[in-house]
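Next up: just one chain, as structure tokens, the form predicted on its own.
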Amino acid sequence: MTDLAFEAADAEQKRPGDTSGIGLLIPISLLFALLMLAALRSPFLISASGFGSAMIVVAPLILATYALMATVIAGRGTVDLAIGPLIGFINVSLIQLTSLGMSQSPFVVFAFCLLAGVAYQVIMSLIIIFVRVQPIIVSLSGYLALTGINIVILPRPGGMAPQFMASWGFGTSIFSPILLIVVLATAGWLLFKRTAFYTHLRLMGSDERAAYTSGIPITKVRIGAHVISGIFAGLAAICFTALISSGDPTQGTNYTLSAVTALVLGGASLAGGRASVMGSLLGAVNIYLISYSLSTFNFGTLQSYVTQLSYGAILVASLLLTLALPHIQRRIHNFSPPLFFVALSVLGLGVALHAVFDYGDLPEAATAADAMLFAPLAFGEAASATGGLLTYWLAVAFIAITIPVLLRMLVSGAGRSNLHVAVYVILAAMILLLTFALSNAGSGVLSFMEVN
């Protein structure tokens, strides 16, 4: 009966017009605030190579956050502090095997990384379940043990990643194997949420005693949660290895603090039972954007301290704002996170186009546009300038019209059943405009660099 009640409550949370998604209000708002700041400070981000570089850097953090999410949902305060050293352990082990010529095949590399992550997590779960040690003690012990083991395996950074990974870390294009791994991992989590196992996992994390009395095999569910965590840890290690193209026994430990912060920013409850895939994804991207935005400022020797301070300040501010969510829920009767995301995306797209647009060409473009009144067929530079001016003003008109429409839809009828086809049309138009911005960002970035 308890299980059926939980499933009914979960279905009730997803009914149209419900405000259960209000928890994504903060990470979505923070995402676009940081994205617009980063685009204005460094227009290089709004380009194919800029996006590719961002993806290769943020991918290990996203997957590490997914790995944490699986165990956090399981409850008992299971925050795996060893996730960073575990990524480092898989990395240095893979590099040593590569130097021995044992891991040049993609199949062997993926199998080794996934099995190594799963094996470690299963051992930790067995200690938690049968030895009955508190999860936080087990994870802290694993952190210290793996940190020392990594240095024993590879005393100093070095080595070479497998040959097929050589081009993965270049980050010169939008589409790459790293992007494919992140997309498949996210899709896998979304599909996993539809299974009965996930329902049991959430119930166990919310109330383990109620889960046990309702007949849920909590031992198997907890081990399964650690297996899932190990799989994502292995994927994170693969992306980390592609990022640095070598081995590093210490760098992986940095992902522990960043992943925990990203998880909390995404609205997860460290007490268990609640975590969102999209919230965790947004939290990880926000952590990257904080670091990226701060790197555009010159703090000298204080750069690393300012970054850590910013992590803490934004985390505390987000937690304080979370306390205000119940008051916001009482005033917002319909809230759709996708629609809110699209509304801010339009504004963010406008800032991105502004960041990469070369306003120095406007006078020439205007002259070319006047000439078009008398010469319908134009070629060469005049046609190019006219096309740039036309695209610019079309983007301005598109943004000016869609923002009020989306905000009106957001307030008046944000239920899932009320999402109009126009929202998907707007998304398609945004993708086309963003593609134009990425393909033509080179001149804007060069102009920005010349001015600075």
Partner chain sequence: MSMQDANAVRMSLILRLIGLVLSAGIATATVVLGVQQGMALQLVILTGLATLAVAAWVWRFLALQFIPRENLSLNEDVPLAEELRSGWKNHRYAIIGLGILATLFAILSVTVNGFFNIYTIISAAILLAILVLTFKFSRYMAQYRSSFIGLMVLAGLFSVGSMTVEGFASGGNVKSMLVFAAFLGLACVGQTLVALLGGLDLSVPFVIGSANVGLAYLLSLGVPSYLAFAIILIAGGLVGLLNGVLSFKLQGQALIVTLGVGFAIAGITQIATILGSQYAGSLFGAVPEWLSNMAAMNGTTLGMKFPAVILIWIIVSIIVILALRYSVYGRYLYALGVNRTSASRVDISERRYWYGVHVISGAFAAFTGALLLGWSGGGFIGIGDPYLFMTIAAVVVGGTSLLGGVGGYGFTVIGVLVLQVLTSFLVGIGLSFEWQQFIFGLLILPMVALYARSPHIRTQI
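Since the model is a prediction, treat every value here as computed from it, not as a measurement. Numbering follows the first chain given and starts at 1.
What follows is about the form predicted in complex with its partner chain, which we do not show.
- Among Val138, Val277, Ala116, Leu243, the residue placing a heavy atom within 4.5 Å of its partner chain in the model of the complex is Val138.
- Proximity to its partner chain in the model of the complex, defined as a heavy atom within 4.5 Å, singles out one entry of Leu190, Met160, Val133, Val122, which is Val133.
- None of 284-292, 341-349, 150-158, 194-202 except one has non-hydrogen atoms within 4.5 angstroms of its partner chain in the model of the complex; the exception is 150-158.
- Highlighted residues Met55, Val182 and Ile231: none comes within 4.5 Å of its partner chain in the model of the complex, counting any heavy atom.
- Residue contact with its partner chain in the model of the complex: Asp248 places no heavy atom within 4.5 Å of it.
- None of the heavy atoms of Ser105 is located within 4.5 Å of its partner chain in the model of the complex.
- In the model of the complex, at least one heavy atom of Ser269 sits within 4.5 Å of a heavy atom of its partner chain.
- Using a 4.5 Å cutoff between non-hydrogen atoms, Pro217 does not count as a contact of its partner chain in the model of the complex.
- Looking at 205-233, the residues that come within 4.5 Å of its partner chain in the model of the complex, counting any heavy atom, are Glu208, Arg209, Tyr212, Thr213, Ile218.
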